[in-house]
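The form predicted on its own is given below as one chain in C-alpha cells.
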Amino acid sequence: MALSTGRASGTTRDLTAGAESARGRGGREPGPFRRAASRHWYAWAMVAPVVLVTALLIGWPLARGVYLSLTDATEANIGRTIGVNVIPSTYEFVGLENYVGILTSGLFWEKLTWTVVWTVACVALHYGLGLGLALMLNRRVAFRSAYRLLLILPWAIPGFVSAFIWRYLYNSDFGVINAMLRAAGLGPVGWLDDPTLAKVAVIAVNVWMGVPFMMVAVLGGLQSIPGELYEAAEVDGATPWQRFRFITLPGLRTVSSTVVLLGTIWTFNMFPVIYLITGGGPGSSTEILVTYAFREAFTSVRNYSNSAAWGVIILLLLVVLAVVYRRSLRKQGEVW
C-alpha cells in the first residue's frame, strides 16, 4: 500500500513538473504549434527538407507568376542583360487589369469551351475503353499476358515520341493513313488541315495514349473485388448485366473516382499532344487554354503578364473542379 502511494505521489510530481516545464518560464500554456513541435520534433525534422524543396520549386514560381499576372510585364519592359549592359525592369503594377481583359474577351470563352469539350471527350473515352479492356483482360483468356503487354505499350512510349509518330501518320501526302485510304480506292484526307478533323485527330491520339493507364487502374480495381460476390450472385440467378451493375460498378467506385479526377486534370493540361501535332492549328482551332498561355509567353511578342494571368485562371479552374468533385463524392459516401 505504501509502495502504491509512493508511485502515485511520484507520478503526480512528474506530471506537475512536466506541466510547469511545458508552460515555460512565463507560466503560460504553450500554443498548438509549440506543443506539436515538442512532441513530434523528429517527424518535423524529417519532413522539413521536403517542405523546403517543395516551397522553392513550386511555391516561389507560383508566387512569382501570380505577381507577374498583376503587372504589365512584356518582352519590352522586363529586365534583361545584353552583353555588359544591364537593363532594369520598367513594368508596373496594374492590379486585376489582365484578368478583366481575359474574362471579358470572347477568345477566352472560345478556348475554354474547346478545352472542356476536349477534356470531357478524352476522359469519357479513356474510362469507357479502359473499362472495356480491363473487363476483357480480367477473364481467363489465352495469351492474356501478351495482350496486357501490347495494350500497355502506348503508355510506355514517351509522349513526344507518340506525338511525332502520329503527326507522320496524319501527314496528307506521305502519311500511312492516307496511303491506306488510297489503297482502298478512297481519296486522301487533310487530317490536320481542317479544324474539325484536326480536333478529332488530336482527341484520337490522346485517347490512344491515355487508355492504358485507365485500363491498368481499373484492372487493379476489378481484381480487388472478392470472387465470392459473383459466385453468390450466380447462385441467386443474377444476370451478367445485374452482376456488372450491382457488384462491379460499386466495387470500382473508389478507383474510378480517383482515376477520373486525375485523368481530367492531366487532359485539361495536356500540352504535348496539341502543341506537337497541330501546333494549335489550323489557325488556333485546336488550341486549349494551356497551349494558348504558352504561346502568349514564348512566341511572337512575349506577353509574360497576360500568360501568367491565363495560368492563374487555369489553376483556379482546376482547384474549383477538384473541390466540387470531392464534395460530390463525399455526398455519395466516398471517403476521399
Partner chain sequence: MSSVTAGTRPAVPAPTGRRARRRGERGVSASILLHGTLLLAVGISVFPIIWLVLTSLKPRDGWLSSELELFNQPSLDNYVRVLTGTQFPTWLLNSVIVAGLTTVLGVFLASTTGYAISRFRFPGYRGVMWMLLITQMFPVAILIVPLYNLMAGLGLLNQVPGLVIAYMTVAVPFCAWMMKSYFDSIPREIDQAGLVDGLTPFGTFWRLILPLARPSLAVTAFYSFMTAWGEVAYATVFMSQEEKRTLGVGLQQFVGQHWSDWGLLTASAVLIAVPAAIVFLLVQRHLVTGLTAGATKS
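Model, not experiment: these values are computed from the prediction. Each form is matched to the other, and the largest set of C-alpha atoms that superpose within 1.5 Å is called the rigid core. Positions refer to the first chain, counted from 1.
Only in words, not in the display: the form predicted in complex with the partner chain, which the text now covers.
Colleague: Is the partner chain in the predicted complex close enough to W41, M136 and W155 that every residue in that trio has a heavy atom within 4.5 angstroms of it?
Modeller: Per the other structure, all of W41, M136 and W155 touch the partner chain.
Colleague: Let me know the one among V189, I102, A179, I203 whose heavy atoms come within 4.5 Å of the partner chain in the predicted complex, would you?
Modeller: Contact with the partner chain in the predicted complex is made by A179 alone.
Colleague: Using 4.5 Å between non-hydrogen atoms, is V141 touching the partner chain in the predicted complex?
Modeller: Residue-level check for V141: yes, a contact with the partner chain.
Colleague: Does any heavy atom of R167 come within 4.5 Å of a heavy atom of the partner chain in the predicted complex?
Modeller: It does: once the partner chain is placed as it appears in the predicted complex, R167 has a heavy atom within 4.5 Å of it.
Colleague: K199 versus the partner chain, in the predicted complex: is there a non-hydrogen atom within 4.5 Å?
Modeller: Close contact is absent here: in the predicted complex, K199 is far from the partner chain, nothing within 4.5 Å, heavy atoms only.
Colleague: Using the partner position in the predicted complex, report whether D173 sits within 4.5 Å of the partner chain, counting heavy atoms only.
Modeller: Contact with the partner chain, yes.
Colleague: Taking heavy atoms and a 4.5 Å limit, what residues of 224-248 are near the partner chain in the predicted complex?
Modeller: S224, Y230, E231, E234, R243, in sequence order.
Colleague: W41: after superposing the rigid core, is there a C-alpha shift of 2 Å or more between this form and the one not shown?
Modeller: The answer is yes, as the C-alpha of W41 shifts between this form and the one not shown by 2 Å or more after core alignment.
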